[in-house]
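In structure tokens, one chain follows: the form predicted alone.
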């Protein structure tokens, strides 16, 4: 895919009547997963970046309960998003830039399934696996997320390649929880507690962003 983008972008790296130029393609490894970007701009010192990020995680693990018993957890995390960022380079050296932009999450799935293979002990009460039942907990944020950050970029290999670093935050909005369950949780007041947890998690509206980048210049 990267090879096709490089060849195709090289052919179309022309300046049109608006001064818009396709300048570079970029690979990202960040707290938003792996990503690919194309960078262009209208005129110095502005650079426009459009890209996509992808992350997934589905490896199960066990949570220790009481007296050597365990609760099994199967996470299902998948996120696919696109973003548009505008960089402003305030200095002639073009090493430092300020960034603002927006991201839209096409896929955002953050869920975990909790169950027991064997008897589990909670609060001094031991219950069989079938009595424990299962619970599926999901969390959602806004699909549209604004971004503010700063970055550094340094040219290498005769300015054809560059390495970069972006640091900033996405505003994701207050999280919303979704809990579905069967088993012993049906005998509790968990639904009321979920609402309180949502209130307590309002401060978890900002997602820190750290990205390492490798950029290839087209012109």
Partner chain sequence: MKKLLWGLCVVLVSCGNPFEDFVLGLKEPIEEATVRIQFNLPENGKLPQNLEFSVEGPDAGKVVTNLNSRNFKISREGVIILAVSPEFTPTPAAPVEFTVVARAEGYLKIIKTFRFTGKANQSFQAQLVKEDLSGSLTTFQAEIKNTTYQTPDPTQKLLLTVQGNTIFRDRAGAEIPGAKELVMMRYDHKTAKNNLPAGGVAANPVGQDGKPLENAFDFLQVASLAFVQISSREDSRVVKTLDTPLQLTMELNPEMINPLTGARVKTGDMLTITSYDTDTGVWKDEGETRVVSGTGGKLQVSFPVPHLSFWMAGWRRTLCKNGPSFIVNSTYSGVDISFLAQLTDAASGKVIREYYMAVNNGSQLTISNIPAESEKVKLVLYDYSNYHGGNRTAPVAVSQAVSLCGTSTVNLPAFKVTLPRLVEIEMYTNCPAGQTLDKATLPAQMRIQYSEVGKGAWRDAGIVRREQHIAGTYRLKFGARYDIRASSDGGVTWPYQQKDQLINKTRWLIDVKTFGGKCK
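Residue numbers count along the first chain shown, from 1. Here the structure is a predicted model, which is why all the values come from computation and not from measurement.
Keep in mind that the form predicted in complex with the partner chain is not shown, yet the notes after this line are about it.
*May I ask you to choose, among 157, 62, 167, 46, the residue with a heavy atom within 4.5 Å of the partner chain in the predicted bound form?*
Contact residue from the list: 167.
*asked:* Looking at 122, 95, 102, 107 here, can you tell me which has any non-hydrogen atom within 4.5 angstroms of the partner chain in the predicted bound form?
replied: None of the other options qualify; the answer is 122.
*Quick check: do 130, 187 and 197 each get a heavy atom within 4.5 Å of the partner chain in the predicted bound form?*
Verified in the predicted bound form; spot residues all in contact, yes.
*Looking in the predicted bound form, any heavy atom of residue 84 within 4.5 Å of the partner chain?*
Result no; residue 84 lies far from the partner chain in the predicted bound form.
*Should residue 112 be classed as touching the partner chain in the predicted bound form when contacts are defined as heavy atoms within 4.5 Å?*
Close contact is absent here: in the predicted bound form, residue 112 is far from the partner chain, nothing within 4.5 Å, heavy atoms only.
*For residue 67, is any heavy atom within 4.5 Å of the partner chain in the predicted bound form, or not?*
So residue 67 does not count as contacting the partner chain.
*Exercise: residue 182 in contact with the partner chain in the predicted bound form, heavy atom 4.5 Å*: Yes, residue 182 lies within 4.5 Å of the partner chain in the predicted bound form.
*Picking from 157-165, 53-61, 32-40, 189-197, which part of the chain touches the partner chain in the predicted bound form when contact means heavy atoms within 4.5 Å?*
So the stretch in question is 189-197.
*Residues in 132-157 with any heavy atom within 4.5 Å of the partner chain in the predicted bound form*: Counting only heavy atoms within 4.5 Å of the partner chain in the predicted bound form, the contacting residues of 132-157 are 148, 149, 150.
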